[in-house]
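In structure tokens, the next block holds one chain alone, the form predicted on its own.
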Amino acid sequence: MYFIANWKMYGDLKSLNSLNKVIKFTNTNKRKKIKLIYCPPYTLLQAFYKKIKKTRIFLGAQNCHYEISSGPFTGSISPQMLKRIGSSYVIIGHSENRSEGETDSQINKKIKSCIESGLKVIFCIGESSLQRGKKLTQKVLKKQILKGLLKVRFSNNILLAYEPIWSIGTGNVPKNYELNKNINFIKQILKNKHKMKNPKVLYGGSVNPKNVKNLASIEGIDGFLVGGASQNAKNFIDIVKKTII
């Protein structure tokens, strides 16, 4: 099971203290089938890596540019830059970036560059409330997957994160049957179109210690992409505990 902490645009150097409890937890719960990944803001990546490099926690970034190494792109970070400072993962295609104008084509180029740079990709997809209301969810998910992964090689280095846009930060989550249906639909596309033998699909969207036990009971979910709740060490640990126990 994967547990990914997306800190979004929160945190400073004092926030690193919250890792102490999580590191202690991972040291006392050495389950091989659990993978914890922290994705802090760019400003904290190097400090995070120094803190966790000798632990069982992995480092990820929240986005990057599609240019692999370097170039005249003010304010951007390349995949190789992320790799050099200790990142193993990167989130690509988050709806908050899509809403700012990021296109399927740009996402596709980013994924290719990240894979070529040796990074594992957390590829986000999800439908809006309007699309859901018009019963277009599966059509939207299929389009995002096919365009995002167009001609992408080494697709086993990709985790899919299903994050319904209408669920992020709202406290609302899909019904169990709806989530099960959509997760299985995503896995079938990955198996049939991209020849993934054992695709990993995570769920994200208002995940917290109160609802995670129910979410974890849904067949096909391979972990969680956690936003706000991951910024609190106790909440994040509780999410892991209630999933694996």
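Everything quoted here is computed from the prediction, not taken from an experiment. One rule holds for the numbers: they count along the sequence shown, beginning at 1.
One more form of this protein exists, namely the form predicted in complex with a small molecule; it is left out here, but the text below deals with it.
**Student:** Hey, with the small molecule in the predicted complex, do K8, S167 and V207 all fall inside the 4.5 Å heavy atom range?
**Tutor:** All three within 4.5 Å in the predicted complex.
**Student:** Taking any heavy atom pair closer than or equal to 4.5 Å as contact, tell me whether E127 reaches the small molecule in the predicted complex.
**Tutor:** Result no; E127 lies far from the small molecule in the predicted complex.
**Student:** Please tell me whether any heavy atom belonging to H94 falls inside 4.5 Å of a heavy atom of the small molecule, as the geometry stands in the predicted complex.
**Tutor:** Close contact exists here: in the predicted complex, H94 approaches the small molecule to within 4.5 Å, heavy atoms only.
**Student:** Check G227 for me: does it contact the small molecule in the predicted complex (non-hydrogen atoms, 4.5 angstroms)?
**Tutor:** Contact with the small molecule, yes.
**Student:** Select, from the options 31-39, 199-207, 50-58, 186-194, the stretch whose residues sit within 4.5 angstroms of the small molecule in the predicted complex by heavy atom distance.
**Tutor:** Contact criterion met by 199-207 only.
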